[in-house]
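Okay, so here's just one chain, in structure tokens, the form predicted alone.
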Amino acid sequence: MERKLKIVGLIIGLFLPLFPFPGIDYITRVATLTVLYIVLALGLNIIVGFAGLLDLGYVGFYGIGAYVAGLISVHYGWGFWYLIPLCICAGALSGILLGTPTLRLTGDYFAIVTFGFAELVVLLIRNEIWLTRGPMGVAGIPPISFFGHQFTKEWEYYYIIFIIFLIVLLFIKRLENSKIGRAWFAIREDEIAAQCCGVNLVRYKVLAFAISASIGAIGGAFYARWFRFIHPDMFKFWESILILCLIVFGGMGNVWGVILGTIVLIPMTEILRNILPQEFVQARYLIFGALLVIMMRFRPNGLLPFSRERKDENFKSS
């Protein structure tokens, strides 16, 4: 039954732009934003859900990917498809640079350092005007093109991010059921026990940072070419908190829970932004926070909790 629901959900997502909804362009834009946040949440879930490390600086990797893609597109005219490998390398390198010196930290200390990383990225983007144009932002980013065809319609960008989502999903599911995934879950449950069983903590934590940061950078690259304008304010700390909330709401460590949580929360923020009066539009964050508090009170493990017993069965069968 669960597998059938997943297949139905993927089919609905695949054909969503073809449904005759009123205001289909706006709906498709919200759907594109939702799938983008699913990709970002899946990337952060590797660190938070799989490896059990509280990362508050994920938006830094998102911003790095966006600015690498935006600046190189504007100055050198690189196509989106050539930028993807470059952004993956930039994200992985930044993840390694952040992960390596912070591995001895745990708990709140680790979270504070990752928070500082996100703020440092924003400060560099805002103040290094010679490179990033600072508060003026980067405008004139060309749209994505393929064999001379420029993508300008919302449904075209929806399918691009949907394909990226499918690739990321398949990659993460393979990781989840692999030796690497088992090592991450072992670290999440008990680092000392994992180390006693031969798990190299440094290697697997750095690997988690590198892969997670790469996925965040891919999301940033797509965002830059889709929105065609980037600004330092787009990558503030709130974005890290939002992506973390998607994981907590859906169920940390559960890939399908993360997807469900994003599908619920991201459209809800858009609905609240449209139905609330202009003077109360910021109150949607209060409603958003209240919903999360209620969720943590009555279902602290999320909509689809992570089941260690189920994972153990999968590990034995593999």
Partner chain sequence: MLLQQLVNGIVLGCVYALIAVGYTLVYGVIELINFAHGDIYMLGAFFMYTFLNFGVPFLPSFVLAVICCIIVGILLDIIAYRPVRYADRLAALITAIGMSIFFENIALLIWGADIKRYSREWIPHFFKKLFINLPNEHFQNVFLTVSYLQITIIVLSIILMIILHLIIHKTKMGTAMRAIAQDKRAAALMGIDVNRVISFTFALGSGLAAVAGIFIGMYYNSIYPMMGYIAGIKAFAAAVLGGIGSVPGAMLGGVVLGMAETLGAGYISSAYRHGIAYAAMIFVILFNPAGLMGKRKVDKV
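Keep in mind the model is a prediction, meaning the values are calculated, not measured. Positions refer to the first chain, counted from 1.
From this point on, the text means the form predicted in complex with the partner chain, which you will not see here.
From the list 121 to 129, 79 to 87, 165 to 173, 208 to 216, the contact stretch for the partner chain in the predicted complex under a 4.5 Å heavy atom rule is 121 to 129. Within 4.5 Å of any heavy atom of the partner chain in the predicted complex lies no heavy atom of G198.
When the partner chain is considered in the predicted complex, L292 lines it closely, a heavy atom lying within 4.5 Å. The closest heavy atom approach of F151 to the partner chain in the predicted complex falls outside 4.5 Å. Contact check for W256: no non-hydrogen atom falls within 4.5 Å of the partner chain in the predicted complex. Against the partner chain in the predicted complex, the set F115, V248 and A283 is in full contact: each member has a heavy atom within 4.5 Å. Out of the listed residues V74, I241, I180, M234, I241 is the one that sits within 4.5 Å of the partner chain in the predicted complex by at least one heavy atom. With the partner omitted here, the residue from L33, V68, L265, L56 that has a non-hydrogen atom within 4.5 angstroms of the partner chain in the predicted complex is L56.
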